[in-house]
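Only one chain comes next, encoded as structure tokens, the form predicted alone.
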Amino acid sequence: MLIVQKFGGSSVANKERIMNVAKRILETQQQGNQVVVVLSAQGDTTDELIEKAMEINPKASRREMDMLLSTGEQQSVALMAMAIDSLGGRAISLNAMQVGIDTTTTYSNARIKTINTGRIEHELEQNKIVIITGFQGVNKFDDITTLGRGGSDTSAVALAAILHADCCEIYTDVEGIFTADPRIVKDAYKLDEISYDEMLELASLGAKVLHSRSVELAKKYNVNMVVRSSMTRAEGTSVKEECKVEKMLISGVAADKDVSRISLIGIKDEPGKAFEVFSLMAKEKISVDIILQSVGRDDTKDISFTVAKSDLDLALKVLEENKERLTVKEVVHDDKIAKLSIVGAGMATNPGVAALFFEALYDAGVNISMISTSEIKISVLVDEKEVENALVTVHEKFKAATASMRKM
């Protein structure tokens, strides 16, 4: 079997953890498997590198930031190869250029186009464990690019897909996918399995366990993915196309504080204005989430939408520069909000899920400013100071409701 294993930064944060992971990787190979390993930068290395860059130049170009941040993963893979060698194994560390991971030209948020498997397959044939830098690639200018925060997950799944791996194991500091963040919700429980669609929603709505683009790739190429802890031997959570039918109203509750709301007040109520606004956002590669348009009045309307906090300044700059063309009277924003979401494939067949969600928010005394829905999720915007209390209350409400259903 060919197994791709990805270990996050906390799993390789220090010498003891590196040696622990090295033993686990060797164990996998000794069971008769070929092993490809993808690593993130150690611990807080990426954050520390960002801080160093800010000290030198707060407005550093994205190209130079990618050049700097990619060194964290290169350090991790070299140290891991040394650790495996010290235990009697054979390993080789490779960066994105040595492998041939070709990406788009977008710095800081590139997407993988192709991967050359020749070098990897050659090293595997030599009975070596191949250790590859996550989070990075190389564009057509031979510049190093990064895939965005959490991009090592995407690197691992992309490698598993192109190599037709039997399994892609994502190791982290938690034992799998939980119904909510266990650091906030103490009675959150681990799921044995979850569908690609549910996991994709949770990942994009604030759950930090998996990068959303990695789940997209896993679904597209039907990659067998398992999320488990590098610290314990727990079974973890399988992410797959179809899951066992269980009496569950929802699969998880997620909170995301990386949200800002922008409101465009007094736009002319005429065709094409929404297109003009969102084409500007698309041109700047700014992702937009929840969108709300008011009913027209006095020949004007208001449009509100959310963006990531990291995109807020750029979005506001672009909108202010085009204010007159867009016929906007005023651009206002709020970066003290958070998004709270429930996700579950069972929502479509269980009437009353929305009512239960809003009842829980009422019980918590939380006011809602925007609502967005799909077949398997409901998201609301709330004050960021209230989101954790709301998260706990909503989880308790649905846990109790699910327990009651199972008794029926």
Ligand code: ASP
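Keep in mind that this is a model prediction, so the values were computed, not measured. Just count from 1 along the sequence shown to find any residue number.
The protein also exists as the form predicted in complex with the named molecule; that form is not presented, and the subsequent description refers to it.
- Contact with the named molecule in the predicted bound form, defined as any heavy atom within 4.5 Å, is confined among 36-44, 372-380, 22-30, 60-68 to 36-44.
- Put simply, of 149, 240, 190, 128 only one has a heavy atom within 4.5 Å of the named molecule in the predicted bound form, and it is 149.
- If you take 119-144 and check each residue for a heavy atom within 4.5 Å of the named molecule in the predicted bound form, you get just 135.
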